[in-house]
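Coming up is one lone chain in structure tokens, specifically the form predicted alone.
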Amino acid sequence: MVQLTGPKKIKCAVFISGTGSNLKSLIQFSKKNNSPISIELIISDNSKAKGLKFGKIFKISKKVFNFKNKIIAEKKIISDLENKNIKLICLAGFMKILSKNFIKNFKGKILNIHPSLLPKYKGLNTHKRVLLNNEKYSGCTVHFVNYRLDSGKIILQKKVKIRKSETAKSLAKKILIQEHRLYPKAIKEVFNL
């Protein structure tokens, strides 16, 4: 009889469009014994996404989809997710909005990380908008994805103090460090660990 070590991990896909720094931190988290996930697939809408290199480095299969025809792209992605028995999607800087149909057809959980304290500052250019409004704090939020942009149920948030001399770039950097810590915590929260 074959002895399985540790609990069976939930198969996860990570969707990226850019550098993949959250992807990298999620891969490192997935390698830990106490992590509930194993990352089986990296999906991107951008063939030049720097984060795709982590597929090669960590030997995780990766696929790039052209979103010119969103309906076709999403159908193909759903089929790939089903083939790999993926039960969790982590959006990590994925710059396309998934359709209602996609969300309905994916039979698992979809999480997203957003660089603001939702429900404030949904959408793009969050750091710039936060600074223009002279906010004292910003941060990041991990939430479930629903049919409305950045509006799903919040799982966890982390607050960051804004310095007087803060720029959008320095704030983005500061928040990204917290994102890398928050996403794994939120995943554990989702699976009650």
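In this text, all values refer to a predicted model and were calculated from it rather than measured experimentally. Residue positions are given as counts along the sequence shown, with the first one as 1.
Separately, the form predicted together with a small molecule exists; it is not shown, and the next lines address it.
Not displayed here, the small molecule is kept clear of Gln178 by more than 4.5 Å at the level of heavy atoms in the model of the complex. Interface membership of Gly18, defined by any non-hydrogen atom within 4.5 Å of the small molecule in the model of the complex, is confirmed. Residue contact with the small molecule in the model of the complex: Cys90 places no heavy atom within 4.5 Å of it. At the 4.5 Å threshold, heavy atoms of Ile77 stay clear of the small molecule in the model of the complex, well away from it. Of the stretches 67-75, 80-88, 110-118, 97-105, only 110-118 has residues with a heavy atom within 4.5 Å of the small molecule in the model of the complex.
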